[in-house]
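First, one chain by itself in structure tokens, the form predicted alone.
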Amino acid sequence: MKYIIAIDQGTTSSRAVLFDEQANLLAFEQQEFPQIFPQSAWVEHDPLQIWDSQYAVLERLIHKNQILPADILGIGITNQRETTVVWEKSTSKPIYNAIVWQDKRTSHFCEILKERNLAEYIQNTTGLLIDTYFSATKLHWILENVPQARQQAENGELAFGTIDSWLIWKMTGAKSHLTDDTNASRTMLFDIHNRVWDKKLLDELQIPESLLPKVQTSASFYGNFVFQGVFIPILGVAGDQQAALFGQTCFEAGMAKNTYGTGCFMLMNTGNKPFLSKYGLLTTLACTLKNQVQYALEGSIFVGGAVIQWLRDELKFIQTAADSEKLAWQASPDHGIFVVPAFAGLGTPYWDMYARGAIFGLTRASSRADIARATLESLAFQSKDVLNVMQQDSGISLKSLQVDGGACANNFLMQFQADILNVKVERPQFVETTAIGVAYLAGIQLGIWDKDFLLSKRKIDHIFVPNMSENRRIFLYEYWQEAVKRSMGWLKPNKITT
């Protein structure tokens, strides 16, 4: 038997996932690694600990499943996006810890970039908004604050990469300094239209081009990983959310996936045309193949599955997250309650940092079950908010919604999501969609799989079909929007003077 292995390097753990030649998921290994918090709002990882943990799970996967290295056809890599590493080319030693995508230390520099009137240029060129989230300002910070870094960079002695590039460098014995389109498009330095590093932005941020990896299509040859004397090709690379989009077989424009995690990440395939958002969505490259470039619109919901944790941990309505489904089914469909979980403000499409959570429509008859049901419904309403503006930005109608993440196991939530969107919601049997995505890329590059084969391999656990009248759908959504409106601006300073 022959195999493909997916490396899934995440924010808190490293994983390795084993697939056979028929794209069946056989086994996986996982190992956590330390999180580093040097100051408030600073988040770092030790790149060597990332490498050690990733190598350990890869080795364990091979040995526990008694795989001969010669039987591994190829490797795919998916990774936490935006996290930034800089290392010495001659020694392969990082000059500083990896600065994680969650890190906020460059907030002031982002404001400076806005004051330079770069916001429009950056969105038009990179598809992104100026934010600490992305790699560019993290890289700038390292060059400005690590002793000798600026001089070393100018001398061509350093290499920059997101985590995929770091792993490729280590796995190929410092032979390959590469990244793919999806990861490059999250740096805030990459021209997503021409698929090249943007010289104006490099100049503005004082970043020497010699630091940057070469960019390739997501399915392509990235070099060989030498394991026990055997050369194993690295054949697919993609950032985690784009990998999930591909793993969900969202191959056509109008197909979208929603990951129900702590928050919700939503991506819609917009085909071969990038659409710049008027509503604060991000425009990004989806996984690219040799003869096919596709784009996606991306939006995020600040509070997704976390609101179920709130029901459990703060309100004590449930003992486990799974209990929320049972409780919701007990509620009256006409409960009249709307929960707006704006615990940290509102994101797309409202972008109100002053909004706060609220519950509307309570009466003396309101029950725990009613509030639990309304809380789950809020996830579906928020998803509709984001998907609505995706469709407005792109002019593309949603064909279906593919779902993954922990909360997609909730049947009530998934049915209500289908009802309020009026589209089918498809839940796969396997929710390891990021790993599946890069395994698919590697298989396509090998020539053993094509898109038709992968579509045939998609295993659906359940399809939720809309079962709500149009009048009721409109009625509920109008009330949701009114509830959101009333929660907005809650923390704004009182303008009335005494």
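One-based numbering along the sequence shown. In this text, all values refer to a predicted model and were calculated from it rather than measured experimentally.
Form predicted together with ligand ADP: not shown, discussed below.
Of the candidates Ala407, Leu167, Ile99, Met266, Ala407 is the one whose heavy atoms come within 4.5 Å of ligand ADP in the predicted complex; the others do not. This chain appears without its partner; in the predicted complex, the one residue of Gln392, Gln151, Ser367, Thr262 with a heavy atom within 4.5 Å of ligand ADP is Thr262. Although the partner is absent here, Leu376 sits close enough that one of its heavy atoms falls within 4.5 Å of ligand ADP in the predicted complex.
Although the partner is absent here, Ala322 lies within 4.5 Å of ligand ADP in the predicted complex, judged by heavy atoms. Within 4.5 Å of some heavy atom of ligand ADP in the predicted complex lies at least one heavy atom of Ala306.
Heavy atoms within 4.5 Å of ligand ADP in the predicted complex are found in exactly one of 73 to 81, 221 to 229, 185 to 193, 306 to 314, that being 306 to 314.
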